[in-house]
Ligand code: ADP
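We begin with a single chain expressed as structure tokens, specifically the form predicted alone.
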Amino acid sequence: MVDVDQYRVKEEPYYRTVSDEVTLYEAAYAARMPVMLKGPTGCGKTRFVEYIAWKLQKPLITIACHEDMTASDLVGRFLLDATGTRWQDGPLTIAARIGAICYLDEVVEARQDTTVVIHPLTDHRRNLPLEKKGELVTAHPDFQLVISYNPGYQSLMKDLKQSTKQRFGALDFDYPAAEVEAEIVAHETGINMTVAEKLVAIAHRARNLKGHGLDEGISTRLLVYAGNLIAKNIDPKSACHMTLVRPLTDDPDMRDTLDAAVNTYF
């Protein structure tokens, strides 16, 4: 027996609606359509899924994908214990059985021969073959599959196969407008709006350098990190150097450029 309550989001996560993404997702869930969330790192994709799971009152099982993940890590495997051999369901199988929203975070990090196991769950079949066990799991009526990835890394790393992509509806995510992002940072950290607006302005300068020395711009997540340090009475410049500059690059010239942006506002 699975304790479903352990997978429930018990408190409302703070999520600031940017467009019609909540309405679109709710319609997709009503149709049990698999959903793909596409957007840069730290822009709120995971928070969105947590908010939706809370709003719909559905359990949420999150799987952080990585290149060493195997199909058995998703669906389950036989284990040896003192009493002999027993089967242990993987997180994808558990989600299908209990009717959870299953969220595969950064799915392109997983090998393509691993991600193909989701295919039967993302079309009219809605089932999951457990070949090693000889069982066909029919997905619970409430089950839904959600995946996320950062399209900006397609050329540098990997991409999804078309046979996988075309099983999903897709929602595009991006960093919100400056005033909305400042509101989010202020809410999440407790700093005042003036400081939050300065942090967002620094982020916008860095994002303009994406592809011109930076692989990725400053994310909303990093702005929240900076705001948290400032709320702890850390000097804003030091907080920004630690959270907005040092994590992004080791290139001395690019660090000088970002440091200059910090010094402009603080």
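Since this is a predicted model, take the numbers as computed values, not measurements. Numbering starts at 1 and runs along the sequence shown.
Just so it is clear, the following notes concern the form predicted in complex with the ligand, a form of the same protein that is not shown.
>> By the heavy atom within 4.5 Å rule, which residue out of Val22, Met254, Met242, Val18 makes contact with the ligand in the predicted bound form?
In response: Filtering the options by heavy-atom distance leaves Val18.
>> Using a 4.5 Å heavy atom cut-off, which residue among Arg221, Lys55, His204, Arg32 comes into contact with the ligand in the predicted bound form?
In response: Among Arg221, Lys55, His204, Arg32, a heavy atom within 4.5 Å of the ligand in the predicted bound form occurs only for Arg221.
>> Partner absent here, but in the predicted bound form, which of 46-54, 194-202, 230-238, 59-67 has residues with a heavy atom within 4.5 Å of the ligand?
In response: Going through the listed ranges, the match is 46-54.
> Does the 4.5 Å heavy atom contact test between Gly217 and the ligand in the predicted bound form come out positive?
Replying inline: Gly217: no contact with the ligand in the predicted bound form.
>> Given that the ligand is not shown alongside this chain, does Ala182 nevertheless sit within 4.5 Å of it in the predicted bound form, heavy atom to heavy atom?
In response: No, no contact at 4.5 Å.
> Does any heavy atom of Glu188 come within 4.5 Å of a heavy atom of the ligand in the predicted bound form?
Replying inline: Heavy-atom contact with the ligand at 4.5 Å: present for Glu188.
>> Where, within 96-129, is there a heavy atom within 4.5 Å of the ligand in the predicted bound form? Residue list please.
In response: Contacting residue: only Tyr103.
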